[in-house]
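What follows is one chain in structure tokens, specifically the form predicted alone.
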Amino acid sequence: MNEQSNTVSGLGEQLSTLSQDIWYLAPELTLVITILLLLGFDLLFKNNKNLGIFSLAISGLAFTFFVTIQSFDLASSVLSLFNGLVVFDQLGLVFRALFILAALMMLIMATRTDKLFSDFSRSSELVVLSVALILGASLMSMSVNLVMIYISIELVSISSYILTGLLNGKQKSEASLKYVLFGGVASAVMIYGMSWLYGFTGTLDISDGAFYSGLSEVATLPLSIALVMTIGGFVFKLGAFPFHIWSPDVYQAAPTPIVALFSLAPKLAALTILIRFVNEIPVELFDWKLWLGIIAIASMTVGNFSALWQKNAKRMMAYSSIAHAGFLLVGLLAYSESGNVALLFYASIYLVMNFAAFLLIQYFEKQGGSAELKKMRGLGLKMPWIGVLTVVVMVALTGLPPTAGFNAKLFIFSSLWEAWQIEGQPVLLWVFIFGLLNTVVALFYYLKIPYYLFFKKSENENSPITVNKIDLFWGTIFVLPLLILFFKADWLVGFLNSINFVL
């Protein structure tokens, strides 16, 4: 009887703990409720669903963003939830807020394309999958358990595969199939590496002390193999070299708002996992700085030089995102308090830059019928305000003043230089040198779009173009933060400095 009562008591305590923990996942719960409401609305109504679907999605995401911001007061210290499956901290909340902003900006972009708007509103699948992707990214940013990391990555991956090929079109189907094949291989390699780590340590919780002590007893070669396989899966979601091959086809084939979401949420979610993962692995056990430094150099170089030869703006932005994956790793390599702030600042600015770029490309795509650069000839003279906004965004992506893109690169390279001076590790200096050189290379292809807009003659010079005032409004709203945060970078930096980076 005593054993039975103790078992019941223990089970009751566990259920009580779980019921308390679940309230810390309020943002994720609101995302789940949003998905259920969208599915229910889709089943109840047959026609004219566009307004209802978008209203539900935007309201649900806006409320989730509000709940996320309110949760900052509860995250003054790191809390382990659900017996070590996830953690609740300010670092995860910042990334979750960025994911939700990305989803809201994606929906705004979708409303500005007539065909895609009708595709979105015909049924709830596209919106539901987009919210599911954000849910998976949010869970990725919190996960410290190997199984939970794998499940959350797969939620993001499966949503991405379907979003790529859901709409009709041979090109979309081919890109989706390529995405699935590469993703399946990356996932298999990653989980095989995770199984080795579990065998070495006897725990799935990477924040558990047993994880470190178990790794410290493993020989260098098998430990390196296991960690390289595991990190390879994270690098695939980051879209960095050498797991970048899927990116150009997917970016070119998928609808532009979906591409903008792909370029941001999975990358930042994978970056969060990398931050948590390498935090538990001392360089003495495994020189992760060397490996990530090589990946950063290769990603920046391959991405930038490949982008030089592209004739499609979306494909060019795909290679740009590969290069930016390398720049994001620069902040991680610094591995210091200033490096963490620089990394979050760069991630925030990258969100604005990328969505602004894709929004403006979408406007030109709508006018010219495709994202080919030759279709953009002379459109800057016919759409002067949109053209000027495009110049600002391309300058920001390059990392030049007077845009916040300059501040972002200045901060991450300053933190990297500081880390090299302290540690003296050669790979940090090489990353610094290649990063600066690649910034110069990026200038040549980012300015190709303004060149076509203003210095190439239009194929139909006499055909007038009417620009919707709503397009001008949203274009300005998306670009304005890049100028404001150049002059007032301390607004964002001050907030980021207040974040507790204890993992």
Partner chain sequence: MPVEHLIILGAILFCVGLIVVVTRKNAIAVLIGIELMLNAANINFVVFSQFDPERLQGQVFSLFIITVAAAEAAVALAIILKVYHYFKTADLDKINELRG
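Quick caveat, the model's predicted, so the values are computed rather than measured. Positions refer to the first chain, counted from 1.
One more form of this protein exists, namely the form predicted together with the partner chain; it is left out here, but the text below deals with it.
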> Of the listed stretches (331-339, 147-155, 231-239, 265-273), which one has a non-hydrogen atom within 4.5 Å of the partner chain in the predicted bound form?
Replying inline: 147-155
> Looking at the partner chain in the predicted bound form, is some heavy atom of each of 173, 189 and 195 within 4.5 Å of it?
Replying inline: yes
> Among 301, 111, 224, 310, which has at least one heavy atom within 4.5 Å of the partner chain in the predicted bound form?
Replying inline: 310
> Between the options 381, 392, 162, 400, which residue brings a heavy atom to within 4.5 Å of the partner chain in the predicted bound form?
Replying inline: 162
>> I'd like to know if residue 202 sits close to the partner chain in the predicted bound form, meaning any non-hydrogen atom pair within 4.5 angstroms.
In response: yes
> Closest heavy atom of residue 97 to the partner chain in the predicted bound form, within 4.5 Å or not?
Replying inline: no
> Is there a heavy atom of residue 178 lying 4.5 Å or less from a heavy atom of the partner chain in the predicted bound form?
Replying inline: yes
> Closest heavy atom of residue 167 to the partner chain in the predicted bound form, within 4.5 Å or not?
Replying inline: yes
> Going by the partner chain in the predicted bound form, which residues of 367-391 come within 4.5 Å of it through any heavy atom?
Replying inline: none
